[in-house]
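As C-alpha cells, the next two blocks hold two forms of the same chain, structure 1 and structure 2.
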Structure 1
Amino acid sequence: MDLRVTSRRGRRGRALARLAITAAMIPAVAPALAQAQEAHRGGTMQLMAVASGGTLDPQINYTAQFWQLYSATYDGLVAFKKADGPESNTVVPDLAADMPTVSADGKTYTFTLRKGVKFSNGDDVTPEDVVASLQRIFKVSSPTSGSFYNGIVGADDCLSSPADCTLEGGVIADADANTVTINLVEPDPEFLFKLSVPHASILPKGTAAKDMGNTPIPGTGAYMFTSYDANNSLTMERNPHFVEWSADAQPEGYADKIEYKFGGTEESAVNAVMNGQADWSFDPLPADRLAELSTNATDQLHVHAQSAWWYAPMNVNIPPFNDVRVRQALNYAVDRNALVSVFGGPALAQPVCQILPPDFPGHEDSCIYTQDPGDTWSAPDMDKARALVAESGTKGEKVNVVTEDNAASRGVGTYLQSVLTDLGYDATVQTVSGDIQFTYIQNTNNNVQISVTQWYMDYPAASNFLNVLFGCGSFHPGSDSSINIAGFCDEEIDARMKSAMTLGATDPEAANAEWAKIDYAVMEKAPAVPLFTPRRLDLVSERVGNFEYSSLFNWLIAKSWVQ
C-alpha cells in the first residue's frame, strides 16, 4: 500500500520562483492572483461525520472536530497562522493590530485592538468585549481555565468562585486608547499560545455565562454558524460583516456555505465522497478500504503526521484502577502493535508507551512497560501483568470500557476488553455516541473506570500534554469539563510541572529536559495506557482544491475551494 504524504516541495519551489519575479511584473501579477481567487469563490462544501462534536460554545468545546470549524468562525487577540505545514505553529496578531508590548519582567501584555472589526451580529469589537470574554472563560468553567489561564492576576478568585469572576487587576480595558492590558502573576512563555486557541475566543460582552449548547454565539470570523442540530446537521455561511484584515490570521474563505451532516457510518461517508455526494468526512477511514483508496484515489488522499496520541485513561479514584498495580498491569499487557493494526497499520499509526509524542518538545524515548524496558516498546509482558493483578487481589472485578460509537474507537475498546479478560477481569464494552462521549468520560458522576480517547496538541509545548491531561488544575469533579479524565493529582509531580513551566521562561532547553523526567514520573504512576500516535488521513472529493493542513486545526476548510 502506498499512502503518500502530501509533498510540500512543489509549493516551496513555486515560492522561490515567485521571488524571482521582478518588481516591474508585480502589478500585473496581483490582479491576476485576485482574479484567480475570485474564480474559485462560491459553492457549498459538504462535510460528514458519524456524530457531532457536542456543544457549539467555543469556550467550552474541546474537540478537534469543532476546533477545526472555530478556526474560521472565531478569533482571539492572537492566532495560530492559517498556513500549510510548520508555519501553522507561528503566532500572529489577530484581533490585535500587532503583537503585544510585553513588560521587561514578562508579566504584563498590552494589546492594541484593530479598528472596524465587527461581530457577525454587526456590533463593533471593543476592549470591553475582551475583558468580558476572558472573565467568561472562568464563569463557564472552561476546561482550560485552571491550566491555561490560571496565571492571570485574579484567576485564583475566579477559580474558587466562577460566577463572581472579575479578574480585577488582571485584565484592564482602556476604551480611549483601544487597548487591553493583561497582567500575570508570573512570566509564562506559553501565554501567547494559550491566547491563540478557541477557548480564548473574543465574544460579545453580553454573551450569557453558561454553556450555549446548540445556540450559535456571534463571532468575528469569515463564517458564522447559522443552524445546528447536534443529532442531524450544522450550517455555516459567510459572515456579512466580515472584511479580511489578515490573511494569516483569518483568511476570507472560498466556499459561500459549509454544510455538515451527522449520522451514518464511516463506510457510507467514504462512498459518498467517492461518488461526489460529499467532499470530506471527519472520522478515520475504514481500515479495510485503505488499499483500495490508495490505488483508486491517490490524488484525493492527504496523509500528515500528528502531535497526538490515542490513550486509555484509567480512573485512579475508583476500583480497580485506584490500585497502581492494576494500572501498571494493563500497561504491561497491551500489545501496541495489535492496536496499530486495528487502526489501519503502520502507515497510519505507530506504537507509543509514554505521554509526549515523538519529535515534540520534551520528548525523550522511554518505555517502562515492555518485555525489554528501555527506549522503545518491543512486546507485551503478560507474566509481569498477571503477577501484578494477583498482588492487587482485584481479579474477577467488573471493568467497563467506554468508547465512542465509531469503528476505530470500538475496535480499540474491544481489544482492551479482551486483554482485561485475559488478566482475569469481568470486562465489557460500552459505546456512547461521539457527540457526548468526550464529556461523559470526563464527569466523575458517571463513574467511568476506563475509556478510549485521543488528545491532539493545542500548542507545541510539553505542558499541553502533561499539565493539561494530568495536572491537578485540570481535574474538576462532577464537571463535564474535567480534561484530566483519570482524576490523577500527584502534588509532588504537580509542583514539578509548575516549576518546569516557570523555568521555560528563562531556559527552555533545561525545561524540556525536566519535562522528559516528568513524563517518566507520570508513567510510573500509570494513570493511562498510551496506545499509539496517529497520522491523519484525509479523503476529499475530486472537486476540492487547494488542500492545506494546520498542525492545530488539521484541514483548513476555509482555504479550500469546491468546483
Structure 2
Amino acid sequence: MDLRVTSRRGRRGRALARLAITAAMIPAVAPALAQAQEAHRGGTMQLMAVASGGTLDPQINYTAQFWQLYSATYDGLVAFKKADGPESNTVVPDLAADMPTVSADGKTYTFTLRKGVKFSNGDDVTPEDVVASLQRIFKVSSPTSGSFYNGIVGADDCLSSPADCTLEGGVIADADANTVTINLVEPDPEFLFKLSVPHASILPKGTAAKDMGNTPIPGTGAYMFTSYDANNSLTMERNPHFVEWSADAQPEGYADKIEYKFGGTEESAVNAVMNGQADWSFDPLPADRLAELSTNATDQLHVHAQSAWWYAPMNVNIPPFNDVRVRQALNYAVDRNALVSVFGGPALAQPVCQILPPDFPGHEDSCIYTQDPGDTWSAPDMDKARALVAESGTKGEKVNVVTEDNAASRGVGTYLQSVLTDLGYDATVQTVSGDIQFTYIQNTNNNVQISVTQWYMDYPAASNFLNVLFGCGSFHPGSDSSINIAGFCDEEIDARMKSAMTLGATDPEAANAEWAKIDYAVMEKAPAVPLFTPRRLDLVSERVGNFEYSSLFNWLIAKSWVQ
C-alpha cells in the first residue's frame, strides 16, 4: 500500500494559496481569482457518523467529533489558526482585535474586543458576554473547569459553588474601553491555549447556565447550528450576521449548508462516500477496505499525523508492575512493528517509544527500550526483557490486560497478552465496552494492572501529555477520574514538571528542552508502554476540494468546497 497518500487535491490547494499571494500583488488578476473562489461557493456538504457526539453545548462537549464543528461555529477571544499543518498550532486573535497585553508578572491579560462582531441571533459581542461565558464554564461544570480554568482569580469559589460563580476580581469587563481583563493566580504559559479551545467559546450573556443539550446556542462563527437530533442528524447553515474579520481565526465557509447524518456502520459510510451520497465520514475507515481504497480512491484519501499516542499504562502500585524492572522488561519486549501491523499498517501508525508525539513541542527523538538504544526504535530486546523478569522474581504471576471492545484495541491487547505469556506471566485479556473502559481503568478500586488506551492532545504543550498523564496532581485514588492511570507519582519528576511550566512563561525554548529531559526521565521509570502514534486517514467524496487539516480540529470543514 502506498504509505504517502498525498493527495493531488491537497497540492492543488496549496498551489491555489500561492496563487492567492501572487494575485494579491497584481490587482488585475484579483477579480479572476475571486471569481474562481466564488464558483466554489455554495452547495450542501454531507457528513456522516455512526453516532452523534452528545450534547451540542460547546462549553461541555469534549469530543473530537464536535470540536471539529465548533471550529466553524464558535469563537473564543483567541483561536488556533485555521490553517493546514503545523501552523494550526499557533494562537491568533479571534474575538479580540489583537493578542492580549500581558503584564510583566504574567498574571494579567488584557484583551481589546473587535468591534462589529455579532452573534448569529443579531446581538453584538460585548465585554459582558465574555464575562458571562467565562462564568458559565463553571456554572455548567464544564469538564475542564477544574483543570484548565482553575487558575483564574475567583475560580476556587466557582468550583466549590458553581451556581454563584462571579469570578470576582478574575474577569473584569470595561464596556467603555471595550476591553476584558483576566487576572490569574499564577502565571500560566498555556493560558492562551486554554482560551482557544471550544470550552472557552464566547456565547451570548443570556445563555442559560445549564447544559443546553440538543438546543443550539447562538455563536459568532461562519456557520450556525440550525437543528440537532442526537439520534438522526445535525444541520449547519451560514450565519447571516457573519462577516469575515480574520481568515486565520474564523474563515468564511464555502458550502452554504452542512448536513451531518448519524447512524449505519463504518462499512456503509465508505460505500456512501464512494457512491457520492456523502462527502466524508467521521469514523475510522474499516481496515479491510484500505487496500481497495488506496488503489481506487488515492485522490480521495488524506493521511495526517496526529498529536496523540496509544499506550499501555501499567499500575505502578500493584504487582507485578510495582517493580520497575517488570515495566522496563515489557517495554523492551514489545515489538512496535507488530503493533503497527495490528493497527492497520504503516499508513495508519508509526512505532514510538517515548511519551511526546513526533513534532510535538518538547519532543526530541529518543528510545531507551530497543535493541540498540538511541534515537529511534529498531527491534525488541527479548534477552534483556527475560533477564529483567527473572531478576524481579515475578515470573508466573497473573496479569490481566483491559482493552476496549473495538477491533484495534482488542488486537493490541491480545498482542500484549502474547508478549506477557512469552515473558512467563499467566496473562489474560479482558474486554470492556469502549464507553466505559476509559473510566474503569482509571479507578484504583478496579485493580487494573495494565490496560490499552489513547490520549489526544487538548492543546500543543508538553505538559498536556507529561503533567496531565504522569503528574502527582492527576492521581486520585478511588476516583473514576484519575487520568494518571498508572498511578505514577515521583516527587522529583513532579517538581521538575512544575518548574518547567513556570519556565515556559518566560523562556518557552528552554522549557521545551527541559520537557524533553522529563520525557526521558519518566520513560526511565517506565510507567507505561508507548505503543504507536496513530495517523488519521480521511476519505472524502470526489467533489470535495481544498482539504486542509488542523492538528486540533482535524479536517477544517469550512475551508473545503463541494462544487
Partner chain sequence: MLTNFLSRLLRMVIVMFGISVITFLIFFATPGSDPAARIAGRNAAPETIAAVRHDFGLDRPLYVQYALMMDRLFITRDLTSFANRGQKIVPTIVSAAPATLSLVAGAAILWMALGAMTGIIAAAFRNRLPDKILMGASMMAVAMPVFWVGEMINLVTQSRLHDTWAFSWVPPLGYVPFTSDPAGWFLALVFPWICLALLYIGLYGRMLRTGIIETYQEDYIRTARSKGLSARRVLLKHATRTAIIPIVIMFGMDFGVLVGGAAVLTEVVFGINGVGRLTYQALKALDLPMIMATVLYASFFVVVANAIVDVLCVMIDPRMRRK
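Just so it is clear, the structure is predicted and the values come from calculations on it, not from any experiment. Rigid core: the largest C-alpha set superposing within 1.5 Å between the two forms. Here, a residue number simply tells you its place in the sequence of structure 1, counted from 1.
Answer for which single form is the form predicted in complex with the partner chain
Form predicted in complex with the partner chain: structure 2.
Any chance the CA of Val102 moves 2 angstroms or more between the two structures, core superposed?
Not so; Val102 is displaced by less than 2 Å.
Once you overlay the rigid core, does the Cα of Arg327 travel 2 Å or further between the two structures?
Yes; Arg327 is a residue whose C-alpha shifts (by 2 Å or more) between the two structures when the cores are overlaid.
Based on C-alpha superpositions, what is the rotation angle in degrees of the smaller rigid part between the two structures?
Smaller part versus larger part, rotation angle: 27 degrees.
When the rigid core is overlaid, by how much has the CA of Tyr425 moved between the two structures, in Å to one decimal?
Core-aligned C-alpha shift comes out at 14.6 Å.
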